[in-house]
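The form predicted alone is given below as one chain in structure tokens.
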């Protein structure tokens, strides 16, 4: 997929995490913020994120792909979505 698609996915994921998981406060949120390590993504948030990806991008994330490596930060998640869409 194109770099433009990846950037769009990253932008939308950042908005979701900022608005829904951080209550609009994103002073330290970047594409490489460690979401699980910082406690931003827990099981409920991860489920919401996977549902959002399916709804917003039409991409199903197989349970085997919901790993710490694939969900460590927004950049990794956007890469996964882009690869699965491919």
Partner chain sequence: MEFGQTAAQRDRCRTIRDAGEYDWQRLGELGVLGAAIPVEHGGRGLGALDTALVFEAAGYGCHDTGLIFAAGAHLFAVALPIAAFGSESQKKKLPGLCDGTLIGANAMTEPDAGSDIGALKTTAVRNGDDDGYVLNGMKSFVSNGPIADVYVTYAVTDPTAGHLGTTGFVVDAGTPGLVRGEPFGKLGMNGCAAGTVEFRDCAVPEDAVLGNGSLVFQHGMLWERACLFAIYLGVQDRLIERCIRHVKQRKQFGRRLSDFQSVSNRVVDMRLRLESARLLLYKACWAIDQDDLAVLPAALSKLAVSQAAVQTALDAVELFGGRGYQTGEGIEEHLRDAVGGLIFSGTSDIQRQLAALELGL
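What you are looking at is a predicted structure, and each value in this text was computed from that prediction instead of being measured. Residue numbers count along the first chain shown, from 1.
Unshown form predicted together with the partner chain; subsequent notes refer to it.
> Is residue 51 close enough to the partner chain in the predicted bound form to count, meaning some heavy atom within 4.5 Å?
Within the cut-off, so yes.
> Would residue 36 show up as a contact with the partner chain in the predicted bound form if we use heavy atoms at 4.5 Å?
Heavy-atom contact with the partner chain at 4.5 Å: present for residue 36.
> According to a 4.5 angstroms non-hydrogen atom cut-off, is residue 47 in contact with the partner chain in the predicted bound form?
Residue 47 belongs to the contact set for the partner chain.
> Taking heavy atoms and a 4.5 Å cut-off, does residue 20 contact the partner chain in the predicted bound form?
Answer yes; at least one heavy atom of residue 20 falls within 4.5 Å of the partner chain in the predicted bound form.
> Select from 50-64 the residues with a non-hydrogen atom within 4.5 Å of the partner chain in the predicted bound form and write them out in sequence order.
Those in contact are 51, 54, 55, 60, 63, 64.
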